[in-house]
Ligand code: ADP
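A single chain, nothing else alongside it, follows as structure tokens in the form predicted alone.
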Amino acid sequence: MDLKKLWEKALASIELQISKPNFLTWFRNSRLVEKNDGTGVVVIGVNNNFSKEWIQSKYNKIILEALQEIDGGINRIEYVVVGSGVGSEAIPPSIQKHSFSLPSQQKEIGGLAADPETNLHPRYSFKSFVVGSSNELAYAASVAISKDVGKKYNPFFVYGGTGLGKTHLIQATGNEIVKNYHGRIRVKYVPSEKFVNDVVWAIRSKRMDDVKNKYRTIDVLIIDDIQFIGGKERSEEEFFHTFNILYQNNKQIIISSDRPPSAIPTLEERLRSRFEGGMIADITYPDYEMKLAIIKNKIQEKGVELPDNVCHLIASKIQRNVREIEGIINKLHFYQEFKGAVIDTKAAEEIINSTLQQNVVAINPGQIIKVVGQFFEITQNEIINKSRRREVVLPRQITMFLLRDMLGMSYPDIGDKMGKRDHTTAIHSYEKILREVTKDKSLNQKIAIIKEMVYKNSPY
């Protein structure tokens, strides 16, 4: 039986076990990419990472049972992102037999392409990195590492929120090492998702030695967004052994994350302890003066002229994600070129406010309740009503946790929204989930997927 027919038969079985809307949403563009008779592993391709995480978390058991009814030799499923095309031509090079690097690693930024050997973008440098009180420790450690590779601050773990410059700093460190050592030191920058894809490719192709040779024979390994490796057992295991070999040979390891090691609940304890054994530095939100310096640096870099009062306005409006600064500068520059005149404060404020409003995701309590119900396949009324059935208790507690965590609602308001309950019930639910989410990998994954679905379903 060919792959297409096998998957069609499995889908017919799956469709009978889940709701029609869920079947159409999650399985419409799925396909069976590969089947290995020797290992019993099948590979299912989906359109994007969100679908991959959702299907793997929610429907893996149903899919496996459906496939095993047709072919008893199947014992495990792997999931990959293959794009929106159909057939083998839709499969990215990361999962083909004769390629080992994703095109996305070579994408251009600001007209410059990444170095094919290091994956580093020449645009990222210490010179273009604005230093202030929010990142000076991380910057100082990076400079020290670039001068004395593998001997100071190893491993180096830097963490901070989205858009605060982590990727810029770790890539700048890599570029500085290449420059200081005149190419004698082999540097490799890789997002954790690329590392995971490489491991999946190697397992399926029975070419784990390729992964080992790729990552264990370099002098500086820079891994971005390590939090995404958590919970992926084979990838964690491979990274653990890679880490040990590099560390024992005084090779430099640089890691970034959106949170400290202690706050990544899906991360194996042995990896967490390795990370905590080195230098940990955080990048926090910049103050007004630093934001202004970043703005001045960006407009000089781009050759854009903006009045000082407009620069001050941008600095006062951007609260957290400094990555937004570049987008706003680009829009203001376009406006000036379109009008053929220097922008005034009023026009600048309208453009800035409009941009920031577009970036704000509007979420309301109803959306959270709706998505929790979809995830657990229960109705919104079941979440809100007084039923004590076991299958609705956890969804209800998660809903109250998210109302507090995502919207900052007061406990009395949460109780009122959740069927006129007492505020102490909301307190208990929030604190219970808060405690358990750091210990229970499965619960942590459920909440992460639900949050993503809430943002995805937002009308804005």
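Don't overthink the numbering: it's just position in the shown sequence, from 1. Treat the numbers as computed from the prediction; the structure is a model and nothing was measured.
Absent from the display: the form predicted in complex with this ligand. The rest refers to it.
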Exactly one of K147, R207, R323, R76 has a non-hydrogen atom within 4.5 Å of this ligand in the model of the complex; which residue is it? R323
Using a 4.5 Å heavy atom cut-off, which residue among K188, H168, R272, H333 comes into contact with this ligand in the model of the complex? H168
For S235, is any heavy atom within 4.5 Å of this ligand in the model of the complex, or not? no
Report yes if any heavy atom of N213 sits within 4.5 Å of a heavy atom of this ligand in the model of the complex; otherwise report no. no
If you check in the model of the complex, is G161 within 4.5 Å of this ligand, heavy atoms only? yes
At 4.5 Å between heavy atoms, is Y285 in contact with this ligand in the model of the complex? no
Would you point out which of 345-353, 129-137, 179-187, 243-251 contains residues with a non-hydrogen atom within 4.5 Å of this ligand in the model of the complex? 129-137
